[in-house]
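We begin with a single chain expressed as structure tokens, specifically the form predicted alone.
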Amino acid sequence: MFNDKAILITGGTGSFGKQLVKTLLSQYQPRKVIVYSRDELKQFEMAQEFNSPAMRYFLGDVRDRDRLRLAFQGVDYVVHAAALKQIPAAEYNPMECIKTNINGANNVIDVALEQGIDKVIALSTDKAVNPINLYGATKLAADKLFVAANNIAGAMKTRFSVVRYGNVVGSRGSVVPFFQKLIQEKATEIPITDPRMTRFWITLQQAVNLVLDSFERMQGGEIFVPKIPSMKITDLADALAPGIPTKIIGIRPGEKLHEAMFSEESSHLAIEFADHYVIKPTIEYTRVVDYSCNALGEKGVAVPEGFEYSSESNTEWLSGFQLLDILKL
């Protein structure tokens, strides 16, 4: 469905954006792939690697509605990946996080409706579920905006959906590169926040495939959640730094022991498919949508009442050997 189409990626110079561009160029024949971001250096560096005639690099910020309006002209699909994601930075600079993650999301929605974009998928995070930090709260608000945008669209063709996943293995700013840096620097101990801590993990390519598949599956208004493994933070440290002792430093402000992709309060909205879940919108649209059967005809079933998809109670776990194999790839 991406052949001869124009796809725009906000925040396209990030880890996800690069992998998405690589996949689009290698597996499809898009008419245009537009990277929309505010960092000229990262765009310059990315252009050295991805210089296909289909590539376009557009400097701009999602806070700037007029600039978005220019960038969205003639675009078929939008992937909204732009966000401020660092939890401590968000706590110290709350309005900056709100301006990008909430106001920027609203700008993307308004301009997508104005320009008649076919489909928009916004990237979310497990931290949007029962958030205890500002970053998670802004992403929850953004999720609500994108879900409600389908009601605003009315008879217009534009449809909006959300993809929510956990920590990306090896992504910029994550714990894996941090531990690897400590190992290279001959650290005598590895800092661990809490030995009980668990997290969901997904590879970059899995995240990209999930988004591309969701474009085909989406009907508008649903939140897609992949079935992915959990891992204990202690097992991660043991795999990366065997033999190096750990030091417990305590949970940082805004962190949880465990993350959830959806809580038991949302179980009545969740539908289980073969490799993912769908969370139905809490609001009713004027159009009737059967979310138990997606646009590809795949059928799902409601999860049991009170079910929570948590990194602590997950049935699938990532071993240290599996993590190392992923990092080699």
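Everything quoted here is computed from the prediction, not taken from an experiment. Residue numbers run from 1 along the displayed sequence.
What follows is about the form predicted in complex with a small molecule, which we do not show.
Contact with the small molecule in the model of the complex, judged as any non-hydrogen atom within 4.5 angstroms, is confined among 264-272, 56-64, 289-297, 24-32 to 56-64. With the partner removed from view, the residue among T158, S214, N107, T100 that has a non-hydrogen atom within 4.5 Å of the small molecule in the model of the complex turns out to be T100. The shortest heavy atom separation between F16 and the small molecule in the model of the complex is within 4.5 Å. In the model of the complex, the small molecule sits beyond 4.5 Å of every heavy atom of E45. Taking non-hydrogen atoms only, V120 never approaches the small molecule to within 4.5 angstroms in the model of the complex. Taking the partner from the other structure, the small molecule in the model of the complex has a heavy atom within 4.5 Å of a heavy atom of Y165.
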